[in-house]
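Take a look at this single chain in structure tokens; it is the form predicted on its own.
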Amino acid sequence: MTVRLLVRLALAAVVTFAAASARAEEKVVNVYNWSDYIAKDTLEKFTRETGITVKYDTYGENEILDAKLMTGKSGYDVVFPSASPFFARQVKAGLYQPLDLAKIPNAKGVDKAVMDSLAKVDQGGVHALPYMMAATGIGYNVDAVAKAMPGAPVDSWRMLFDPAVVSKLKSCGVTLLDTPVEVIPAMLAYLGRDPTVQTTAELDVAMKALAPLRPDYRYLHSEKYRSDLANGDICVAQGYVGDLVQARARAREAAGHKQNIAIVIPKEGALVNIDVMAVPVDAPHPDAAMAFINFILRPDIIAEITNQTGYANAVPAALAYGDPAIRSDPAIYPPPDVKAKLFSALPPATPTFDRTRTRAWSRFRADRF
């Protein structure tokens, strides 16, 4: 009996070791990224060059990723949160593991100024590398806006926040992003206030200005506006510049009646976001994650992503591979005078303020403010 038991235990140990080895050698990376945020053939190229299979899922809002990470055991190896306040709060909560830069040699090519900016929100500066960057601006249908309101203030947040303007444009469709982290700073900038201040008093100012406008907005959504703007279903949208560039491209390529879409970074200033690549602390394939991040940061690869998504990247050497039209687009790479008015990402809010803001936004979304 003792011999049989020992044999069983030995066999069990062998099976367990074999299974563990199989898992260790599994060539898979689970990626969770924003939708429409990568070049069409990036994943295929990565797999062809490394032999690592990519399981790729997408989301449309930082809040969705945040909920998955906070719950734990997401199963993802590489995620793409916005640097602040989301990544800043998540890294403080211990949700990410340090990157092994020895396995990411292409990190040496990242713009130092961008890394210095990330260091302000990354404890130790070792948990993330930059992916794409963009301001939040306004996309509008030139012809539809001219018809609804000749002489509309297209260079200003008035297009979205001035009641007299929005009331004239609502017939052709005005939309906002469905996140207070973007809308509230934009409203504060429009009002001439400091958009980076996160206090209950400033929140009240912004929400009181927004509340009367809610019936005039067609909807609040962080993805739908791309296709609707391209199709002519709406005429003015707050959006991430890269998404607006995609909408403009789709509008130009559409069969039949093409829409004339313009993009502006408002003169009052706008929030600029850096989305980062990070590895959750419980990532099942951390080595594959490092390989994926290293591949993305290769100048020719990240240049293709910029060319197709309309988002700027933080690898200076990638400019040599970039589409000249992209490099010269002032919405993607703003000129110095516009750049000077951009404000960096917000610091993480306190839990109390975050709850207050979330409740206020829920009431506004439901038009019960």
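When you see a residue number, it is the position in the sequence shown, counting from 1. If you're wondering where the values come from, they're calculated on a predicted model, not measured in any experiment.
Keep in mind that the form predicted together with a small molecule is missing from the display, and what follows is about it.
Asks: Does the small molecule get within 4.5 angstroms of any non-hydrogen atom of residue 218 in the predicted complex?
Replies: So residue 218 does not count as contacting the small molecule.
Asks: Although the partner isn't part of this model, could you tell me whether residue 57 comes within 4.5 Å of the small molecule in the predicted complex, counting any heavy atom of the residue?
Replies: No, residue 57 is distant from the partner.
Asks: Please determine whether residue 275 contacts the small molecule in the predicted complex, using a 4.5 Å cut-off between heavy atoms.
Replies: Residue-level check for residue 275: yes, a contact with the small molecule.
Asks: Please check if residue 182 has a heavy atom lying within 4.5 Å of any heavy atom of the small molecule in the predicted complex.
Replies: Yes, residue 182 is a contact residue.
Asks: Would the small molecule be touched by all three of 36, 226 and 240 in the predicted complex, meaning a heavy atom each within 4.5 Å?
Replies: Answer is yes for this spot.
Asks: Scan 259, 136, 74, 106 and let me know which has any heavy atom within 4.5 Å of the small molecule in the predicted complex.
Replies: Looking at the other structure, the residue within range turns out to be 136.
Asks: Though the small molecule is not shown, can you say which of 117, 294, 175, 82 has a heavy atom within 4.5 Å of it in the predicted complex?
Replies: Comparing distances to the small molecule in the predicted complex, the residue within 4.5 Å is 82.
Asks: From the candidate stretches 28-36, 45-53, 320-328, 300-308, select the single one in contact with the small molecule in the predicted complex, where contact means a heavy atom within 4.5 Å.
Replies: Checking each option against the 4.5 Å cut-off leaves 28-36.
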